[in-house]
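The chain below stands alone and is given as structure tokens, in the form predicted on its own.
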């Protein structure tokens, strides 16, 4: 009795040629997908993109130039994503998914006027503050390294508070809510 020929037992010349071609094709597809994915992440993290699709961002962008994260002594200009999108991969992807909810609200007109934006502003701000508190202000800390702060070059108030914030269970957002956006008018009522 003769053994049946099998593709796995006796690869043909065509099969042996297809293996490196298939591997090369997979590498090319992987490189193109990675470059494309990175391009999409960069494009969807730009200020222009944020304010074109995310209704609240368009109104928030109008007030941003008057705040310290737009013009600083060091010349650093912070972008929307620097504060609102994590640098780490999984939290960044989660934030992009959450952004779809904001696109939905934009599409249905939830925030399509300054009045509607102001009406929802406190709730939106509270969500952002809670997210930042939950991550120990990780996006703040991606630029501001607490261990490298020179307290002697800070204001008297900052010199008083900064050394003890960890002991008090505080994080950046507890004190610095209005560095990039105007105070929420409804919060003052």
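Everything numeric here is computed off the predicted structure, so don't read it as measured data. Positions refer to the first chain, counted from 1.
Form predicted together with ligand HEC: not shown, discussed below.
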Partner proximity in the predicted complex: residue 27 to ligand HEC, non-hydrogen atom cutoff 4.5 Å: no
Non-hydrogen atom contact residue 154 with ligand HEC in the predicted complex at 4.5 angstroms: yes
Quick check on residue 143: any heavy atom within 4.5 Å of ligand HEC in the predicted complex? yes
Wondering, does residue 135 line up within 4.5 Å of ligand HEC in the predicted complex on heavy atoms? no
Heavy atom within 4.5 Å of ligand HEC in the predicted complex: which residues of 109-126 qualify? 111, 117, 121, 124, 125
